[in-house]
Structures are given as structure tokens and as C-alpha cells.
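A lone chain, given as C-alpha cells: the form predicted alone.
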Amino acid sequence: MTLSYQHLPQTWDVLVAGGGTAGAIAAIAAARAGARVLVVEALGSLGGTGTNAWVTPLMRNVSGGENLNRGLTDELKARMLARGDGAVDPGGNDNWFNPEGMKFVLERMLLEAGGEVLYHTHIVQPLLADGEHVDGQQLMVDGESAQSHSINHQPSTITSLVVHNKGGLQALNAAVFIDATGDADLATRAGVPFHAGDEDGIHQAMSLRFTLAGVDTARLCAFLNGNGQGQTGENFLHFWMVWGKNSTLEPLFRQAVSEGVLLERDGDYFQGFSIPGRPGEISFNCPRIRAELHDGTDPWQLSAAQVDGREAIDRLTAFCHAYLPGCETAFIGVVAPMVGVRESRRIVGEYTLTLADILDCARFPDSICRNHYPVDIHSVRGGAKLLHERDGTAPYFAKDAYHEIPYRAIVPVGIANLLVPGRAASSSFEAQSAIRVQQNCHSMGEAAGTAAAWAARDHGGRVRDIDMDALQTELRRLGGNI
């Protein structure tokens, strides 16, 4: 492929593609470690899934009652709490946050650290060192649709990243690159092999989140308490319905379907939460996008998902008006500008985390994160594999158990100066569903950012050459739970 672009003269130590959940934290960590950092972000704010997809609150990741994700995650929560955009419920859960407030906090943390951000910019193609190339578009390593490709046996080096924005096509230079696009866009365009979906190539369900504002939360809270969904108060509402899961709201959903207010699939997943700093507003972890739209890397499916999601939001809003006391005059407050994608491409890394690793509480000498969030598969196939069981006899089901995520899982094969933290890390389909939650992405991002800064400073960009003991010691010094 021949590109005509402007090659900018600046050079950064670390270039982060995607300023989302892992990318924003990675950039902050790299800048604090002394690197010159640039974040390239497609939208107009940092935070990705947590802000632009409106995924709130953070899912708890605890072992023995203690949070497993610390370090920059703790600082982010503290800053959110201080500005009134975070909250701690009576049970000690500190994961409640306002996505709009998080945009401000992450941007301030990056700028204070000396990092730069280039908004409204899309990545196009990485450029490899002279004589290195990739033949064709790299597709999944398993499956009939895989195309032939060529990667040198020795790791290749990315020298620049071509991006597109209002200035046209531009090539940006860096010593180390971090792919935090969530979909491994940079890595796969550099020729890194990947997996996608389950054994049949089917991905987890996507959602388009929204909020209802103007809710009388006191009345809604009283109704939910009287309906068997006990609440801790109107400021920390959490209610839900999934077909066949014994939700006390199921009869209302069944009535709404029979009366033509909802479609049957609108009850596949329904969940609502309060939002700190936004009284009278409820964030919904739904609607679930229809089953045939499940590939977050397909632009046509993403576009259709926005349309399908908005149609479903209208139905759910009508349901809330008619069936949930306190919501009679509520109105749509926010529709997330970004479709919520749980899983798409997963790189082939130096190590691939598996379901057995999770259930056996695997430990690794290059650990960068601890996890006890369960295997959580939102299947488009429906109830049979909606959510993994939350208890069992494997070691992982003990209350004080956890497994580790190794640094090698964010090191892609074939590229010398690239890291891929977040939901696209090297893992099986089942394992990815456990490690994909935001706080794990924070921890992987913090490790990636620190490692990238060191690789740029001391190792010519080679991310495999950093001292792992020193990295773990530094992460602990910064408050990490390693």
C-alpha cells in the first residue's frame, strides 16, 4: 500500500494509539516515568469505554474484601471523589463514578504529567523499519478466512504511525508504541496475528448505553424495595432483569412484551445504576444489540448497532415510563457516542492467558496485575451461556483467590517496540471475558506505560529487554498490587 502523507519532524518517546481505559492510564504512567508522550485519540476526550461508552460503575475486582487494582486506579477514584463525580456506597464499594467527570480528571492527570493528546485523529497504518514489511491485511490465525501474511522471524520495529485528521495524512515518529485501541488496530496492521470471537468466530454481545434523567429516584427506590430488589438508598440504585434469572422485574417485562411495548429480545439484558454527581439520572447497561451485530471491528455492523440501539432505547424508555414508578416523566439524558464493545480482536502474545490459568489461580514471574473478576460471557446466543457460573470447586472460587496476568500477555509476537494492554491482550475467548473489565485495563495500562518509558530510555525501544523485577518493584512503589 502506498500512502501520501506529511512526515512530521517531532519524535516522541512513547506514542499511545487510543486514549481509552488502558491508553489514558498508560500515557499518564509513561509521562510520569519521564517519557515524552503523545496520545492519539479518535474522539474528543479520554477514557474510552468508561467515558464515551458510558460504562459506569466500575465492576468490582476484589479478593478477600480488598481491591486488587490499585496504583493509578486509586488516584483516579480519589480525584473523582474529591470533585463530586465519585462515590462510596454504604457497603464500601468505591466504584461509582460519573463518566463526564472522568473525562476532565483523566485529561488533567495527563497534562499535569507533561503528556500531549491529539484528539479527533484516527490511526491509518504503522510504518516499519527499512526492509521490513507486512503482506496484506492480517486476519485471525484460526479460521477459514485467514489470509497469508509475512512477518520476519526477527521482531520488526515500528518507526512511525500514519494517522488521519483535519490536517490530512501525517506520520508520527516514536521509539515505543502502545496499542490501546481496544481492537488491536495498530498491532494487526503491523502484522501481529490475532484471534477473534469464540471457536465459531462469534463475539460477545455489544450494547449501546444510555441514561434517563428527570427520575424521581426516591419513588423508584421505594418501588424496587417493595418489589424484592433491595436497595441501599436512592443514591446507589442498582436494578436488573434477565430472562430466566429469577429477577422480580420479569413479570413486568413479560407484560410489556405482551402489550407490544417491548420486543422479546429487550429482556435479554436490562440493568440500571445511579450516577454520582447527577441526581435524578439513571445509567442503563443496555440495550443489547441484536445478535447478528456482534463484530466491533466491522464498520457496517458498528453503524447498524447505533441505529438498532437507538430504536431499542426508545422502547426501553417507553417501558420505564409505563411500568417503573418515578420514571413517568423521565427523558433520555445521554446516549453514549460509542458502542460498547466487550470483545473483538485478541493479539497473539508471548503468552496467552487461558481459562485454566484463571480457574487454577496461575502465578507468573512477570505478573503485572491480579484479577478475581469472574468469567463473564455476554453471549449473543442467549441464556444458555449468558454468564459463567460464579461459584464452583476450582481454586478460583475461594473468596481470597486471584490469578495473575503476565507482562508477556501484552507483548505481541513479531514486533520489538509495541505493547498491547487492555481487552485486546493475549488471552483465550473465555479468559478475556474475565480480564476485560476497566480496572484490569488500568493496571495493564500502568504497567505498559512504565515499561514503554523505560524501553524508550534505556533499551532502544525494545520492550522485551526491560528488567522485570525492577518493573514490579516500581509498580509496587507506585501503589500497585503486584
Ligand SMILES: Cc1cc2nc3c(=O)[nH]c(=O)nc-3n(C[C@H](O)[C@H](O)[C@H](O)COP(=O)(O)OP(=O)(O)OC[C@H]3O[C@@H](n4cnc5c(N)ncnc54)[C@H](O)[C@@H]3O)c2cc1C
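Just so we're clear, the structure is a prediction, and the values are computed from it rather than from any experiment. The numbering used is simple: start at 1 and walk along the sequence shown.
Keep in mind that the form predicted in complex with the ligand is not shown, yet the notes after this line are about it.
S.K.: Can you check whether residue 438 is within 4.5 Å of the ligand in the predicted complex, heavy atom basis?
M.R.: Contact check for residue 438: yes, within 4.5 Å of the ligand in the predicted complex.
S.K.: Is there a heavy atom of residue 341 no more than 4.5 Å from a heavy atom of the ligand in the predicted complex?
M.R.: Yes - in the predicted complex, heavy atoms of residue 341 and the ligand come within 4.5 Å of each other.
S.K.: Does the ligand come within 4.5 Å of any heavy atom of residue 40 in the predicted complex?
M.R.: Taking the distances in the predicted complex, the answer for residue 40 is yes, it comes within 4.5 Å of the ligand.
S.K.: Quick one: does residue 188 come within 4.5 Å of the ligand in the predicted complex, counting heavy atoms only?
M.R.: Because no heavy atom of residue 188 falls inside 4.5 Å of the ligand in the predicted complex, the answer is no.
S.K.: Though the ligand is not shown, can you say which of 71, 412, 115, 182 has a heavy atom within 4.5 Å of it in the predicted complex?
M.R.: Only one option qualifies, and that one is 182.
S.K.: Just to confirm, with a 4.5 Å cut-off on non-hydrogen atoms, which of 321, 315, 122, 219 contacts the ligand in the predicted complex?
M.R.: Checking each option against the ligand in the predicted complex, the one that comes within 4.5 Å is 122.
S.K.: Spot the stretch among 63 to 71, 450 to 458, 417 to 425, 28 to 36 with residues whose non-hydrogen atoms come within 4.5 Å of the ligand in the predicted complex.
M.R.: Of the stretches listed, the one contacting the partner is 417 to 425.
S.K.: Would you mind checking 51 to 81 for residues with a heavy atom within 4.5 Å of the ligand in the predicted complex?
M.R.: In sequence order, 55, 57, 58, 59 come within 4.5 Å of the partner.
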